[in-house]
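Alright, two takes on the same chain below, each alone as structure tokens: structure 1 and structure 2.
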Structure 1
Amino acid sequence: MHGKHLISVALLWAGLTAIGELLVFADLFPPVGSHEAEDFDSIFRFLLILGIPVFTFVIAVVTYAALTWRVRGDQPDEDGPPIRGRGWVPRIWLAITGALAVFVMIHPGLTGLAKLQSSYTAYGWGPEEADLEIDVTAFMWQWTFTYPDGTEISVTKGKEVVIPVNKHVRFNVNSVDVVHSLWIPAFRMKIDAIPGRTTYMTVYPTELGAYNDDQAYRVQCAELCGLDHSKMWLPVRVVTESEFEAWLASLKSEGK
């Protein structure tokens, strides 16, 4: 490749990389509703910062080659001569990308997993001890949430999941038919609901929020589970502790 082509590709790569890196810090993410969401967004941005130069390099080379050496005029009868990777360039490329892959597998891959899982034998994410435990039952195609006082929430009772802010909330998750997955986008957390096994996830909401203000505040099944999978959701509302207690009392007075 001649020098002018190398310079052109390098400039295109630098421009695309700059745009990509700027977008990493743009406000394009869903609302951050929990401590866990802050961690996952930081990890995702870190991976993007590392991955964008690799991605844009491939895009720059392919785009420049396609535009510069595209066939003009009549189509040739045969393909051109093959281009084989030789010399120091492909070796350096392989070394850098391979080292990046190993690095992200260790950090934040394994280190993040160790931080999220309380023990190697735990069937869930986050601390096992919590201020509030809610039992969750999944079935085609609904959820049932049972609070410690027996209050039950579903699409017909209560019709929304309410939890207090600045408290550890643990969801103990079961399924009575097929595999589902409990997912709350504002918290960036999900856990599979597996028949015959109780899994859990513990979240620490740090912001008040409600589905009416942002649809990221919802419980959504994240495992394709049948015809009405997309309808398997419920609104979530994060409130102060006093509002939470008042909400529970109001449901109890209504006999729910």
Structure 2
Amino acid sequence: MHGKHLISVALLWAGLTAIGELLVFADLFPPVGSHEAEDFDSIFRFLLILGIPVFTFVIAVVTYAALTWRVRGDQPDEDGPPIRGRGWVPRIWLAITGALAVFVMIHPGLTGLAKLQSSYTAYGWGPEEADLEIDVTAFMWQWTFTYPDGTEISVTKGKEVVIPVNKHVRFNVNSVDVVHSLWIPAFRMKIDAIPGRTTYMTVYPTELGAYNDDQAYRVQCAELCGLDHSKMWLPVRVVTESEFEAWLASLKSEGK
């Protein structure tokens, strides 16, 4: 009684999954600007590869059932078979969905988290070693970036955040008024700026890039902070180390 239907649904599922998995190849992501972005993209793709069959399974059963077993007259002339689902089917379902959930929890969940919180990408809380530390102060509705030599970048000074490539760059983030959030889409990293405490975010840029080439190179406030929240962003440029030094020096010569 089930055989023919099971095979048909399996085929439909396989077909839908094949189509759905094409999404993995779509141009979904902003440019990859850092190690963290590589990690994000690969984890996202991995979850997409796993998630699409789950989604298409539901779609396949619902679609197949609606097409095959729908009542064609005015009214159903008889009831369906009284299957109650008390036997092995729910147990197997529970085992499979449970295993899948635990699997995703461990990888990429906890493994990805461990990597994120490992020493060089110290995320969120504890300060760790970094090649360059930049103090960030968020306020309504702008940012100030202070470099180790005292150079300050904000709306009135330079208007562009420049960081060197292939360095661990840590942002020590503060806010003077309300909650903001520091987000650089090209690096896939984000940390809230909370008044009264310092939060940390470390990135390792691997590619040169600039806002003019791609708008994902920007510092964007991602937490609603009032009137001009949508305008609270600055362009970002990733340059080589020598260019970075030259840029810092040129700002110095302009008298900061």
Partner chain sequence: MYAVKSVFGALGLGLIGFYLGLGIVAFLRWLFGYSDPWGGEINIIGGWVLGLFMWLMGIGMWGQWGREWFGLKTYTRQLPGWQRYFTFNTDHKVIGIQYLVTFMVVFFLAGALAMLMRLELAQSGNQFLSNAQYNGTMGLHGILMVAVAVAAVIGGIGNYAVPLMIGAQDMAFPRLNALTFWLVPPVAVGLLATPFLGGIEHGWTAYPPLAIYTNSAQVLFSLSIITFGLTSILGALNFIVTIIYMRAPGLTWGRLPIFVWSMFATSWIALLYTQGFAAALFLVLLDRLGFSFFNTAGGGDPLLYQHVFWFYSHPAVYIMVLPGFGLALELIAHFSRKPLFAYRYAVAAFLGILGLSGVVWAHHMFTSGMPNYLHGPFLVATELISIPTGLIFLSALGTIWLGRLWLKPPMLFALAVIFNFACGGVTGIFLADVPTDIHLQDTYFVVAHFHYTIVGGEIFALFAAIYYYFPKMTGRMYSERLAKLHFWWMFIGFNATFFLMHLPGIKGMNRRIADFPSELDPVNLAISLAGFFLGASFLVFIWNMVYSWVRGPVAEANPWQARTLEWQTSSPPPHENFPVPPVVSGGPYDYGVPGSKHATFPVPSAGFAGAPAGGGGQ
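Predicted model only: the values in this text are computed from it and were never measured. Whichever C-alpha set is largest while still superposing within 1.5 Å between the two forms counts as the rigid core. Residue numbering: structure 1 sequence, from 1.
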Report the structure number, 1 or 2, for the form predicted in complex with the partner chain. 2
My question is whether I59 is one of the residues whose C-alpha shifts by 2 Å or more between the two structures, given a fit on the rigid core. yes
With both forms fit on the core, is the shift of the CA atom of V9 between the two structures 2 Å or larger? yes
Taking the rigid core as the frame, does G87 move its C-alpha by 2 Å or more between the two structures? yes
Using the rigid core as the frame, report the C-alpha movement of T97 between the two structures, one decimal, in Å. 3.4
